[in-house]
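This document starts with one chain, in the form predicted on its own, laid out as structure tokens.
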Amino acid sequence: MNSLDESSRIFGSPGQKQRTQQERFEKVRTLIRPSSSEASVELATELAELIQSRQESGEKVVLGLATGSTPVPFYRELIRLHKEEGLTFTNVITFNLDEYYGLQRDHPESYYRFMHDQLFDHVDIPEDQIHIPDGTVPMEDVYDFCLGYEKAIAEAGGLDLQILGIGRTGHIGFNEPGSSADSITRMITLDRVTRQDAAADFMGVANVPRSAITMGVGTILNARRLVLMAWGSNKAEIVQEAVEGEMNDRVSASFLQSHDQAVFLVDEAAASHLTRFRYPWLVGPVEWSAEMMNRAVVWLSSKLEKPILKLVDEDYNEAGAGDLLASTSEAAYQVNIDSFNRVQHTISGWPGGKPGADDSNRPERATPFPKRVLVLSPEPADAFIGMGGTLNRLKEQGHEVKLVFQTSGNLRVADVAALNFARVVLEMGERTDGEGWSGQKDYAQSIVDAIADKGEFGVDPELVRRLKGMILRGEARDAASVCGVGNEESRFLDLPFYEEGRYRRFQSSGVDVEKTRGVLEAFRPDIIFATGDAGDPSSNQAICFQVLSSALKSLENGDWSANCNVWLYRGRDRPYEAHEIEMAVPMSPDQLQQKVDAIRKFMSTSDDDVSAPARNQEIASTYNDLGLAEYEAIEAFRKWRM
């Protein structure tokens, strides 16, 4: 760390914000690092320096800590520093941002449990120096408890550093839209979007608590330093809004703009919507590669709501993209044609390649034909949400398709699905004469009893979790059948990291890589369709993609892997923008309905899952607005370059 320029350090000089012309739209200091792991190591190193310097002078360090998947890599690095480099936390006092109201402290999704699992149980911080809001305080005592929490922070000397994440609604802590800049610790009702985002953790949105105790925005802003972390392209849009938008109570993270020691520490994916990356020609000169030209033309067409081929020189000049024309010494007409052709060439009704065709301008090569196509789905519904129409198209065009569900997805199955199964078995046993049903009835009753015993916020025992996995297997096979994929063409991989973990706390191992490598070596695909590259690094989808990446790298010298194309689709992650798409597969109304029917086979789906076909229609509408052919819907893909 000492080799870093002072301006590049996370704990920079007070008031340091904009440093370059490219950052001129950013109203709060924003540091971009290649990955979450590199950013986390850097932050942990600087914090260790602070802790050690305070130890030398006999002083405490008061930290505000966050939960969720975002800070997990940071906490793991702190643990490593403690165990391998002797960093002690005996002079550290901590205050956590928030806690769900109504959860006992031993509940696996309580933030008390989370913090002990992820940090406190692995370092030497004294228990009496740990402070976490108590979600079990009687309702009539909540107000006094919150005032006491504020008092405890003040008596500790105030927060030296507050660590933050950011939610989809732009919230910090649980300061949902409407939270004022001077709000203090209090109980708050959780936003619908926030509860939906936590639904997988609690195995159904119905199980997510409706309230939480949270530090207020004012409490957070009183910290001497603030570091907000964000990973993955799913956070890109809200990061841009918080960094470049106006301060307002609709996005509580935007209030960090008013703090002279606030830093947004993000990876490249989370930074992708910032103006300097998304529209770099608006902040300075750029190298006009074909890809950059295409991005600018598509942006201009969308901004002015004019088809690409109708853009004129004045449009470029008045919108700040005149440098594009100057760099090419061409009129808008020729630039438009080049960009139009580039976008048009992404459209293909042959996602596996068209046999006997000139493939020089097609997304996928013509040979070999038919191809061995491996479709990977992190959770069973992902492939149908992201590429259900393309999956069917590949089958219809004669390719050998193998659909592999990387995890069982049982954590996403609601209790009602398991209860429905158990109750049907019980009723069948009661209505059927003869022997042979006693064992089935006992099993079904054990499921009913286990779900009742675990209560509203309880954890599924292995018996229930296994049943939920079997239910999801049946739903996945039904969905695959709708798309033309038979039982013998699909497989459940049941990667161990998922079976042994929980959402936000997954950790893969070499066993996961070896199981994935085994599938690759056995099938030797010509094409792989995968997702997860855009997700939060600790999400199921992102970990499945990381496992695939490791498996492929271990095979990079294979006689088939060098010729294997990997196409990325978006399941539950942010959809591709028009300029990002490299293969656009059109769907007819019947094919779109077929995709809808496949998704409906899954009982445990969210609003976002159900709206996937509508997003496909939006992509088609965007292509139509650019001046291309009008389709009912489009599924979008991008080639992965290892």
Ligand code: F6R
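Everything numeric here is computed off the predicted structure, so don't read it as measured data. Start at 1 with the first residue shown and count on from there.
Not pictured, yet referred to below: the form predicted together with the named molecule.
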May I ask you to state whether G409 is within 4.5 Å of the named molecule in the predicted complex, using heavy atom distances?
no
N616 near the named molecule in the predicted complex, any heavy atom under 4.5 Å?
no
Please tell me whether any heavy atom belonging to A44 falls inside 4.5 Å of a heavy atom of the named molecule, as the geometry stands in the predicted complex.
no
Classify G68 as contacting or not contacting the named molecule in the predicted complex by the rule of any non-hydrogen atom within 4.5 angstroms, answering yes or no.
yes
Using a 4.5 Å heavy atom cut-off, are F95, L119 and P133 all in contact with the named molecule in the predicted complex?
no
Which of 444-452, 158-166, 243-251, 139-147 lies within 4.5 Å of the named molecule in the predicted complex, heavy atoms considered? The stretch 158-166
F74, F264, Y111, Y569 - the one with a heavy atom within 4.5 Å of the named molecule in the predicted complex:
Y111
Proximity to the named molecule in the predicted complex, single hit among R504, H399, R342, H273 (heavy atom within 4.5 Å):
R504
Partner contacts for 161-178, taking the named molecule in the predicted complex and a 4.5 Å heavy atom cut-off
G165, I166, G167, H171, I172, G173, F174
